[in-house]
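For reference, the chain that follows is the form predicted alone, supplied as structure tokens.
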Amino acid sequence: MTELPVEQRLQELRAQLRHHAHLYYVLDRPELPDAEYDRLYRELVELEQQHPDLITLDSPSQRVGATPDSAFAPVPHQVPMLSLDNVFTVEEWDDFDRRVRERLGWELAVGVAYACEPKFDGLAVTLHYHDGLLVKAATRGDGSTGEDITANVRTIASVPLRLLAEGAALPAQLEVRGEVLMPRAGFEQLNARQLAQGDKVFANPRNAAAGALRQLDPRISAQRPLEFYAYAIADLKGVEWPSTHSQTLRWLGTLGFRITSLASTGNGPAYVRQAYEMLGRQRDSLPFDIDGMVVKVDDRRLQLDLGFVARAPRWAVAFKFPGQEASTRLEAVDWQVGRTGALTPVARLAPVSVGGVVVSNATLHNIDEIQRLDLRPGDTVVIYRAGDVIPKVMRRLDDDGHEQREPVTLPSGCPVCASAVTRGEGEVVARCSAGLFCPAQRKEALRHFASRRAMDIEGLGEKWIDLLVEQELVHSSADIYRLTREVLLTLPRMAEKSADNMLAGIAKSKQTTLARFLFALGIPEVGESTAALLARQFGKLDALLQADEAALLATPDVGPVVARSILDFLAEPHNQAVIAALCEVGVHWVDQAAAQDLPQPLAGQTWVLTGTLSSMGRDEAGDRLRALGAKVSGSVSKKTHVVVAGESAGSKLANAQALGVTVWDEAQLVAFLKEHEGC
């Protein structure tokens, strides 16, 4: 395998880490094991250390987490909520200790006093107290700005609404950092209730805690068994700051906060190794999940001397536990079909306990991974529960019967609808070609079809789509336009006004654009930008339907993989029928001249929109720029031609200024578009 150039590999790592940080910190839907994320992050940091001239302002190494959810009011952190660097081995821990002593100028024989405590697997939260009263609570967010979750945090019994005095003076101002988590027993009870009510169960306690904290209705949060453990002070006024971390924990305990009983203090690296081994042995018997041990220099004066790097303190580190392994029998390999038609193999296992959790399924990623591991049903395999989240098949154990077992092959037909399974040359993912017809893809395909950036059907939310599909009222996107008031009123909890609003939204969406229509179809590899380029290139739907590979490749940014995906999708009879049906029920748009007949003043240029535009929405501005040949991107790079900055423009504007990219205000954009209205 050819090694990628450093700059290209850095771009790949940053894109992957940004994606998974968004899933983990913002959406609370992690797809990647913690251990794999840590590996990618360490690779990024090592490459950037070797090539400091390639470090960019938007690199994950220069930030802590991801942007806060817009559903909650933003809370700026006066003291940033930093992350911790990780160590995974005894050797790496000893290196950390050595660096601490070198920076302090201490002799190697002198042991530093370290405070050790469990690394909770929950969500970091900061609490603000004024004159002893809780006034605000916020999430970590991106480290500099979090989300206001005060109403939800007030429902947690272990969070004191008023600090205990116990004869001592209360601080005039106190900011406490800690972790919100869900105990294992409470998690099991919650999932039992979810099952009894027919609701979705949570994957793990951390996701359940995150879901509880992010409820817009605090009454729902109050029903969830959450606990808060305090572990640090960020700001303190009115009383003297404790001189050590261990004293800080004890003092917080006197104020009424829950403090872990597993915290300890000792001198030197050998003590930390011993504490780490002891905590590891206790891990499975604890009432909550942990994924390592936090080690801090105990003396606050030394902490101040050591200081910080960009995203983490130099005086603290997370000593992570290794992923836990167990062996079991691979009983079968099933194939699941995702929303885009991607076929994912899932290992069905003889149930085995891994890290205190019974595992019966594990991810296999794709057929290439199965072949790389040479897995066959009946084999004995090693399961790795990395990051306490997603079990993974790591390897096969040799035995005499392996060669006599049947190899796993990629299905030729979709396991759900029997349509052809396609896999392009050089592609990792195999897909069901049925698109909108396949029942496995139907709900997600319809959600995408109705979404704001696609057909923008107001009133048709995810829950209604689920009900319509489950009651066999909608089989394809065309069926949405055949719904009647009488049919909608048969749905549970559907009121007359809601039915009328939904029908009005459906009717309104019939008038659209070719670009939105193509994007709404959910063609694999065709995103919003590519759909707009296709609409501009061909002008009419019929022209696109009749296009061959050469014609598609003439479209900007359409390469062989995208062209083949479009041809496969349009060749499937089921998809042809759905497209025809959508036109028959009245979905329409104004045809335009093909690109070759229109001037393209912005052809080959990349533009970025940021901030709020008052004269038009960013979607409309993007559509108008694409109509002039521009590619509209969501990120700024040296290749960006113009960044249009509206009100409250953020990091994209800062990146553009740092890179020397041309920046326009809204007035310049409006004048430019008006000048080129005839194009």
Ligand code: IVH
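Just so it is clear, the model here is predicted, and its values are computed rather than measured. Residue numbers run from 1 along the displayed sequence.
Although it is not shown, the form predicted in complex with 2-(butylsulfanyl)adenosine (IVH) is what the next lines describe.
Participant: Any chance Arg536 has a heavy atom within 4.5 Å of 2-(butylsulfanyl)adenosine (IVH) in the predicted bound form?
Facilitator: Answer no; every heavy atom of Arg536 is more than 4.5 Å from 2-(butylsulfanyl)adenosine (IVH) in the predicted bound form.
Participant: Would you please decide whether Pro118 lies within 4.5 angstroms of 2-(butylsulfanyl)adenosine (IVH) in the predicted bound form, comparing each non-hydrogen atom pair?
Facilitator: Heavy-atom contact with 2-(butylsulfanyl)adenosine (IVH) at 4.5 Å: present for Pro118.
Participant: Would you classify Asn204 as touching 2-(butylsulfanyl)adenosine (IVH) in the predicted bound form, given a 4.5 Å non-hydrogen atom cut-off?
Facilitator: No, no contact at 4.5 Å.
Participant: Taking heavy atoms only, is Ser83 within 4.5 angstroms of 2-(butylsulfanyl)adenosine (IVH) in the predicted bound form?
Facilitator: Ser83: yes, in contact with 2-(butylsulfanyl)adenosine (IVH) in the predicted bound form.
Participant: Heavy atoms within 4.5 Å of 2-(butylsulfanyl)adenosine (IVH) in the predicted bound form: which stretch among 313-321, 516-524, 326-334, 98-106?
Facilitator: Looking at the partner contacts, the answer comes out as 313-321.
Participant: What is the one choice in Tyr231, Phe288, Tyr384, Trp607 with a heavy atom within 4.5 Å of 2-(butylsulfanyl)adenosine (IVH) in the predicted bound form?
Facilitator: Residue within 4.5 Å of the partner: Tyr231.
Participant: Out of Ala445, Leu375, Ala124, Ile566, which one falls within 4.5 Å of 2-(butylsulfanyl)adenosine (IVH) in the predicted bound form, going by heavy atoms?
Facilitator: Contact with 2-(butylsulfanyl)adenosine (IVH) in the predicted bound form is made by Ala124 alone.
Participant: Are there residues in 281-296 with a heavy atom within 4.5 Å of 2-(butylsulfanyl)adenosine (IVH) in the predicted bound form, and which are they, in order?
Facilitator: Stretch hits, in order: Val294, Lys296.
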